[in-house]
Ligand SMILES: Cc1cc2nc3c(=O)[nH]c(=O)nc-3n(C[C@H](O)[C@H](O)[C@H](O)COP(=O)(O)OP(=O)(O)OC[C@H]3O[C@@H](n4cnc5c(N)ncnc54)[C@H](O)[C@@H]3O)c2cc1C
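We begin with a single chain expressed as structure tokens, specifically the form predicted alone.
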């Protein structure tokens, strides 16, 4: 099959990621409509090319060697109200703009997810969560292209297999589906969520959705988690490590190593803040290793200080993992998607 005209060759992927790291893709295309997607997939199949599906690049770590296949940036746009606060949103819509849209319409359910970079299509993959909310609580269905069945399908909430920072899209069915749109069910005139400690410090009575959004944006800015091209502390993939969920026995073993460990009971497990483990293991905010570092504002964010390589970032990641494991016996798991 002849290469479609809209597919480019040897395109640098670093500018398409928040970290600004990574090599070039052998082939690359922006995809805004279904026909282009199908044509690109057909080309990849005839050329036996691996596929890399890109969104906003906010949770992506690409190897310095780049990607030898076809990288597709999924960019369909549109917000379509179905009824009341049930809306279908195209995968290419900027996530925070959609959150602002919901708050402006007084639709509750995702207000504490304000300020998170990336596109709507990426949110069900990681089951994005922050400050007491997870996106899965409002997702009704996901429309995606099934690369096995070779057709578009609608996946119900149950079929998405949501768990903490997980879904079938990044676990059991990884690389099978290409998210095209997401249908959300919000709460009309619903009350805002504010039970997370960082928010409880700011309010004494029930805040509005607008007040919670403003507070979350302020908190995230103070932690360097709102993108600012002039601030290297925001040149990160967000929270780089997941908060460990430990069994009763694992948590007991951890207690033998340290006292006064902050934790949050969750069913038969205990969630422990990864940021606390990192700092207590000797990696404070601002810890620097050449051209990469831990953010000066947020212990979970690894940043590119400028001119770094992905190899440097991975080395820092492993240094932190090894240090935390040696001190506490807990191996931190990274959140981003790694390519190459």
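The structure presented is a predicted model; accordingly, all values stated were derived computationally and were not measured. Residue numbers count along the first chain shown, from 1.
The following text describes the form predicted together with the named molecule, which does not appear among the structures shown.
- This chain is displayed without the named molecule, yet in the predicted complex the stretch 178-186 from 178-186, 247-255, 266-274, 202-210 comes within 4.5 Å of it by heavy atoms.
- When the named molecule is considered in the predicted complex, only one residue from 103, 116, 192, 71 comes within 4.5 Å through any heavy atom, namely 116.
- Checked against the named molecule in the predicted complex, the residues 79, 227, 86, 173 give one hit for a heavy atom within 4.5 Å, which is 227.
- The shortest heavy atom separation between residue 7 and the named molecule in the predicted complex exceeds 4.5 Å.
- Proximity of residue 109 to the named molecule in the predicted complex falls outside the 4.5 Å heavy atom cutoff.
- Remark: residue 18 counts among the residues lining the named molecule in the predicted complex, judged by a heavy atom distance of 4.5 Å or less.
- The named molecule in the predicted complex is not approached by residue 99, whose heavy atoms all lie more than 4.5 angstroms from it.
- Taking the named molecule as positioned in the predicted complex, none of the residues of 133-149 brings a heavy atom within 4.5 Å of it.
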